[in-house]
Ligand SMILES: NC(=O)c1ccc[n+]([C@@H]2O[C@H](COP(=O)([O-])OP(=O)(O)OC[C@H]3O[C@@H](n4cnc5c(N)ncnc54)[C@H](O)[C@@H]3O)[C@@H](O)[C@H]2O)c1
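Presented below, as structure tokens, is a lone chain in the form predicted alone.
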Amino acid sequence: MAHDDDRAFAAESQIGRINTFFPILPRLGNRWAASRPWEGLTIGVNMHLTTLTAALLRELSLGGGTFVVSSCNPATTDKGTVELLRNLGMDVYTGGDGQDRHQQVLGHKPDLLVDVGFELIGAALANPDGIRGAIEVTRSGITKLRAASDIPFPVININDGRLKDAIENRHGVGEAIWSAVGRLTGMHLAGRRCVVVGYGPVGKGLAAYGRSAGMAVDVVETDPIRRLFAHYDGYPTPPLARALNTAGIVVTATGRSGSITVDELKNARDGVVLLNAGHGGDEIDISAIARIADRVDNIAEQVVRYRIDGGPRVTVLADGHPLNIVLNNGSPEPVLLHFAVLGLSLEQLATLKLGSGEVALPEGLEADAALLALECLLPEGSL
């Protein structure tokens, strides 16, 4: 069994490798170490606790302030990351002690919040005194933000920036998911029939990278405009029931719970592999599958096969949680670029006076992040 120090060292080594080939965060860390934008502030952070998140938080911590962290999803929490952050002096709450991890963060009286999914911000609205501003990272979180009323502090929406959809969602998730599927199952993807459920920015990336891997890709989309986009991008767009009859692999990317129900799976192709690329863990109704299964086989770590009573066998990867994040898998560059935008937004949140409620990304911030990325990626003197 790995010791905590061993896990932390492994996470530290991975961060070092990542920063060697794409040093965008260390460059920002050097800047923040000089300017100290968060000096005297407490920042509450609720995110997927992966090594990439640790890479971000380590550089942010150079800018002063106290960082208090919670896991937005225990299923995507890397133990080495937790230990590394604690070694850096941060309080980290994962829910493993049975306490409400978001309330534990709020108990530190944070001045600023960074959130994935509006869970921490939503909890803070019960007593928002002292909170100067927040950042929301995800589409699902922005949807919740817009449904809330009377937000008394600014919340910067970095999900709707130009870079996240075009780079992280399309290329980062698109590449990472199929790499993770091959790693977990050993399947050769070329020649397989795949169904992508949802044709937003993530779905577009999944479809494009799936096709480039040699798969036959169908797209299921209930929104007629997005379905038309998929059609003109060259993908068949059958209804879900028909698509499930022939699919060997099905991946969800809708951001909605219950996008695939157990009733819909009763007529699916036998042996179909199910996985999720969305933020949460409920796009596929895994609990209902488990309830009616008459046989369950643990094929491998994060690979479980259920035989639906009176129906087909279905294989579920990562228990329906976002596979690329559970496995900490894929190219880090798109995520780190998005994290650079997050850090620059947090810098402005600490130094500018913004209006309350949803706030768009400040003008020019993404261009600054893109220029930093190009400096890391292109030969010196080519800009």
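Predicted model only: the values in this text are computed from it and were never measured. Just count from 1 along the sequence shown to find any residue number.
The same protein also has a form predicted together with the named molecule, omitted here; what follows describes it.
*Asks:* Out of 249-257, 118-126, 179-187, 85-93, where are the residues with a heavy atom within 4.5 Å of the named molecule in the predicted bound form?
*Replies:* Looking at the partner contacts, the answer comes out as 249-257.
*Asks:* Give me the residue from 175, 285, 78, 221 that has a heavy atom within 4.5 Å of the named molecule in the predicted bound form.
*Replies:* None of the others qualify; the residue that does is 221.
*Asks:* With the named molecule left out of view, choose which of 192, 305, 108, 226 has a non-hydrogen atom within 4.5 angstroms of it in the predicted bound form.
*Replies:* By the 4.5 Å heavy-atom cutoff, the listed residue in contact is 226.
*Asks:* With a 4.5 Å heavy atom cut-off, would you call residue 133 a contact of the named molecule in the predicted bound form?
*Replies:* No - in the predicted bound form, heavy atoms of residue 133 and the named molecule never come within 4.5 Å of each other.
*Asks:* Under a 4.5 Å heavy atom criterion, is residue 279 part of the interface with the named molecule in the predicted bound form?
*Replies:* Yes, contact at 4.5 Å.
*Asks:* If we define contact as a non-hydrogen atom of the residue within 4.5 angstroms of the partner, is residue 325 a contact of the named molecule in the predicted bound form?
*Replies:* Flag for residue 325 set to yes.
*Asks:* Even though the partner isn't displayed, in the predicted bound form is residue 199 close enough to the named molecule, meaning a heavy atom within 4.5 Å?
*Replies:* Residue-level check for residue 199: yes, a contact with the named molecule.
*Asks:* Who in 65-86 is close to the named molecule in the predicted bound form, meaning a heavy atom within 4.5 Å?
*Replies:* Heavy-atom contacts within 4.5 Å come from no residue here.
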